[in-house]
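Next up is one chain by itself, shown in structure tokens, the form predicted on its own.
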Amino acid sequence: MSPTATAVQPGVAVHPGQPNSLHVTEIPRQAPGPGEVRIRIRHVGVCGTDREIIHGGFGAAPEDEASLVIGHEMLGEIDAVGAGVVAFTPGQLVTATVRRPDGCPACAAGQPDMCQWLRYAERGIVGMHGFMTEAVVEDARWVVPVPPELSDIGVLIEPISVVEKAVRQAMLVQKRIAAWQPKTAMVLGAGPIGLAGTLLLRSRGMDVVTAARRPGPHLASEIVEAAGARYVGTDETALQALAAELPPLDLIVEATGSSEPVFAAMEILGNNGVLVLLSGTGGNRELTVPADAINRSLIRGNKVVLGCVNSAKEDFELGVTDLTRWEQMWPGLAGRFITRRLSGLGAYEQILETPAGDIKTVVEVR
């Protein structure tokens, strides 16, 4: 980043590792250097990762700093461009990827989302300030244009990019099977990631069952059903019983935030199927599982269990394309993900509130 600071600006931050240390700090407001752009932040999404950081579960401040500005889901507009930048112009809507490379072979090959050394920096998470501030300077390589028609919902592109990568990776893996044509999918979890996965798979023509703990009807189940998928509450119907009444599950996307459904999903995955795991589970929970039966089933059925984290720039670009397409298929449906809009950085204390039925909270910076 350019070292030239012209002013300071507020940022919503934590002292990483200190529970409930949410506060407003001041950080430099910089001018873009060569190859950089400055982005005025419009909207910042709040997710489970942000809340875990706020509660002290993980996170790391930039080097030699005590505070970490949070927020990694962003929609903004170009405010200024540095020398050599021709792809962006002031006023253009954009978002940006989250992870920055550490020089490992994968990062050097342009895939920081597949980082091998795990010494990366991530906006608002590890070693780099996030987007919950007024403006950021960003390397133009990590910036993704967003069309004006997504101005109200473009902040959803980052969580959508997570499931874009999940499905893209599953498809890449399954190139090993010439006849693989997935028809039946299950999504575990009905938070923003699970709902995005539901819409993505439905938009690709798959039959989808979305399973989450709480029985419907409620907003999440209504979104699922409006997309033509089926919603099932697992407090009422166990996954094994649900799978028994379905065709073989070709693809399962797990986004529950819990480890228990991971092993249940291994049990119900169909032959030649792929299970993509998206939940980063903290803690030290221990489970008793039918290990031999799961192992036999995975081996005999040529099944794949795939861990997937973060997303690449191409997944953000796919997210822009698909969100635009969803608006044509189901006008206004993705916008129903956003259940709270907080006005300004001064409303930061409300981030920790969890109203009944809340799916996605967005801070409207401007």
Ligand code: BGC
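So that there is no doubt, residue numbering starts at 1 and follows the sequence shown. Nothing here was measured: the structure is a model prediction, and the numbers come from that model.
The discussion below concerns the form predicted together with the ligand, not included here.
Judged against the ligand in the predicted complex with a 4.5 angstroms heavy atom cut-off, the residues Arg99, Val162 and Asn310 are in contact without exception. Residue contact with the ligand in the predicted complex: His72 places a heavy atom within 4.5 Å of it.
Contact annotation: Val305 falls outside 4.5 Å of the ligand in the predicted complex, judged by heavy atom distances.
Interface membership of Val224, defined by any non-hydrogen atom within 4.5 Å of the ligand in the predicted complex, is ruled out.
Contact annotation for Ile27: none of its heavy atoms lies within 4.5 Å of the ligand in the predicted complex.
Just one of Leu249, Val167, Ile125, Ala135 comes within 4.5 Å of the ligand in the predicted complex, counting any heavy atom, and that one is Ile125. Among the residues Ile338, Cys47, Ala61, Leu298, the one placing a heavy atom within 4.5 Å of the ligand in the predicted complex is Cys47. Note that among 211 to 219, 154 to 162, 230 to 238, 137 to 145, the stretch whose heavy atoms approach the ligand to within 4.5 Å in the predicted complex is 154 to 162.
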